[in-house]
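The chain below stands alone, shown as structure tokens; this is the form predicted alone.
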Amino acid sequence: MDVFDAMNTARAMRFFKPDPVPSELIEKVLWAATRASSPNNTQGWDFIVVTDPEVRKQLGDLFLPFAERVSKFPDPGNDTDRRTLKGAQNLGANMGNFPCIIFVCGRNIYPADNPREPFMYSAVYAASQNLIVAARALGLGAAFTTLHGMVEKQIRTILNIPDEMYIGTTIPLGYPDGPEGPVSRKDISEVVHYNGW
């Protein structure tokens, strides 16, 4: 699959088969993540890959209250939002059952004399997007989430994340158990402005 097909079909995957992801595929998506751009090539990212079932269960238990909250949301009245809620609930209910969870972390290190968080996030988010597109190209699915924000203190304790590290994204990774695309996007004519607004 070429990069354009991968981008066009890399839906946010929130349903996964239980099959483990081979380590060589995990290595490939991580390699792709580290090809992303970063300010002044500082590469201020680190990746925590969680495949151990006991650690995944500990993390998964943290997200169960989120799934319970989502399950009580009122019907949004349209199919798109229903699918989103169903996917969000499944993420919360089954995060601990997914075969791999990757936490993309960043260090606030640029510029060296006055580090600024937007630079750090620009690197972390670029790496996360590369990871997701690479996953799709390899027949895997992934989702860019920030669910860690609700239980970050507990995640830091379980994974022994140093205080100076930021958690940028939480990405479940596995073989898709649902439709794989194409993504639904506006036509570029609606969002592109040449030589000014």
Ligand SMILES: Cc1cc2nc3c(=O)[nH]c(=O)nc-3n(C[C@H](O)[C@H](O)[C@H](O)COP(=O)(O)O)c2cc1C
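Position 1 is the first residue in the sequence shown; the rest follow in order. A quick note: this is a predicted structure, and the numbers were derived from the prediction, not measured.
Just so you know, the form predicted in complex with the ligand exists too; it's not on screen, but the next bit is about it.
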Item to check | Single option in Tyr166, Phe47, Phe144, Phe63 placed near the ligand in the model of the complex, where near means a heavy atom within 4.5 Å | outcome: Phe144
Checklist entry - Though only this chain appears here, would Cys105 touch the ligand in the model of the complex if you measure heavy atom gaps against 4.5 Å? => result no
Checklist entry - Can you check whether Ser184 is within 4.5 Å of the ligand in the model of the complex, heavy atom basis? => result yes
Checklist entry - Looking in the model of the complex, any heavy atom of Leu91 within 4.5 Å of the ligand? => result yes
Checklist entry - Can any non-hydrogen atom of Tyr125 be found within 4.5 angstroms of the ligand in the model of the complex? => result yes
Next on the checklist: Suppose contact means any heavy atom within 4.5 Å; which members of 1-16 contact the ligand in the model of the complex?
Outcome noted: Ala10, Arg11, Ala12, Arg14
